[in-house]
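Only one chain is given next, in structure tokens, and it is the form predicted alone.
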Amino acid sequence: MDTNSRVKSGLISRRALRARFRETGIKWRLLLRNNLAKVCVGFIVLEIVVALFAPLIAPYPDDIGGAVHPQDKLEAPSWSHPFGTDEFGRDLFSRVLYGTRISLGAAAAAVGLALLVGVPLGALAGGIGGVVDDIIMRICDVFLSFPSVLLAIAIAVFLGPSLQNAILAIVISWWPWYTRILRSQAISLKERQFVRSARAIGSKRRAIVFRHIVPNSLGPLIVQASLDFGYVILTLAALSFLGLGAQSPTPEWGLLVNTSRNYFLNAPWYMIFPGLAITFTVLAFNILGDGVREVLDPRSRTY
């Protein structure tokens, strides 16, 4: 490639990058035009900040672990303990705050790993086709023949109760959804003009798949991942509630709700505050996912 070609290629790359940034800015502004989505974005950003700085924000950092204060057990909400205390006298506000880090971190790991498995397989299935497509799709059919939550429970039972195993169980039961989404996008994009042009100039099949097809298939994946984030948090809480996820004294929201069952009549706040944390977080991610879908699909836009 001569100097002029290199300069021209660099200019095209820079222009494409600037165009991509402008497009992202436009989509972000469209998303924030939805007032409900704006509130959810603010709530999620606040939760991320809390997750990052939970040990510093928590008023009683020692209560995050296995500290015991028998004299303070099951105290009602007060100025010193806004969410009350648990059966060991630990501050529930501190534990729910730290549970934000655990739930968001575990959900991010589960969704990220599911994408890491599902996206390449979907790209290969849709981009290459033939026998590769048949094999990958039949494997997906096996996993999708079971309800994802029941499959995650069965895998967690087999692996043993722990937060890491619960994350792995969700990854194993979730990746086929991303594979199918990307495969359908790849099949649709294969016949587009830009893919045919890349094929005509001699681009290798792998380059076409991962340089042209995958980047242009990110929209549906982003929508699905944003919606799945809330579902994964709910599934992790369910697994911990059943004793298959995080184990005591880890202050995971589902585990807190499970433990609070024994004290619900005398200390209802013990169950209410972790339950509200799960509810509002899942609701925020679901509304955000709907907002992202409307931004990326103009046909469904209502604002």
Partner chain sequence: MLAFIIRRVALSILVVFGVLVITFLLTRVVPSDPVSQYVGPRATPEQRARAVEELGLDEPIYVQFGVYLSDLAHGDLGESLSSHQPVTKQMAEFLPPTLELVFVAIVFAMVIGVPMGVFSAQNKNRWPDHLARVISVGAISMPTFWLALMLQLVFFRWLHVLPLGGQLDAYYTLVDPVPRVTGFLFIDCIIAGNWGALWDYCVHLILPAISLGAGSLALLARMTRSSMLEILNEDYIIAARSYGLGEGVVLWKLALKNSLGPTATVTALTVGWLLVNTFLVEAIFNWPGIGNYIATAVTTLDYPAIIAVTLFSAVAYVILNMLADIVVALDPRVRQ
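Here the structure is a predicted model, which is why all the values come from computation and not from measurement. Residue numbers count along the first chain shown, from 1.
One more form of this protein, predicted in complex with its partner chain, exists but is not displayed; see below.
- Here is the short version: of A51, L242, V41, A67, the single residue with a heavy atom within 4.5 Å of its partner chain in the model of the complex is L242.
- Among A109, L74, V157, I187, the residue placing a heavy atom within 4.5 Å of its partner chain in the model of the complex is V157.
- For its partner chain in the model of the complex, the listed stretch (117 to 125, 208 to 216, 158 to 166, 89 to 97) containing residues with heavy atoms inside 4.5 Å is 158 to 166.
- Contact with its partner chain in the model of the complex, defined as a heavy atom within 4.5 Å, is made by none of D133, A200 and L221.
- A residue is said to contact a partner when one of its heavy atoms sits within 4.5 Å of a partner heavy atom; L227 fails this definition for its partner chain in the model of the complex, lying far away.
- Using a 4.5 angstroms limit between non-hydrogen atoms, L265 touches its partner chain in the model of the complex.
- Interface membership of P251, defined by any non-hydrogen atom within 4.5 Å of its partner chain in the model of the complex, is ruled out.
- The closest heavy atom approach of L144 to its partner chain in the model of the complex falls within 4.5 Å.
- Residues from 276 to 290 that approach its partner chain in the model of the complex with a non-hydrogen atom closer than or equal to 4.5 Å are L276, I278, T279, V282, L283, N286, I287, D290, in the order they occur in the chain.
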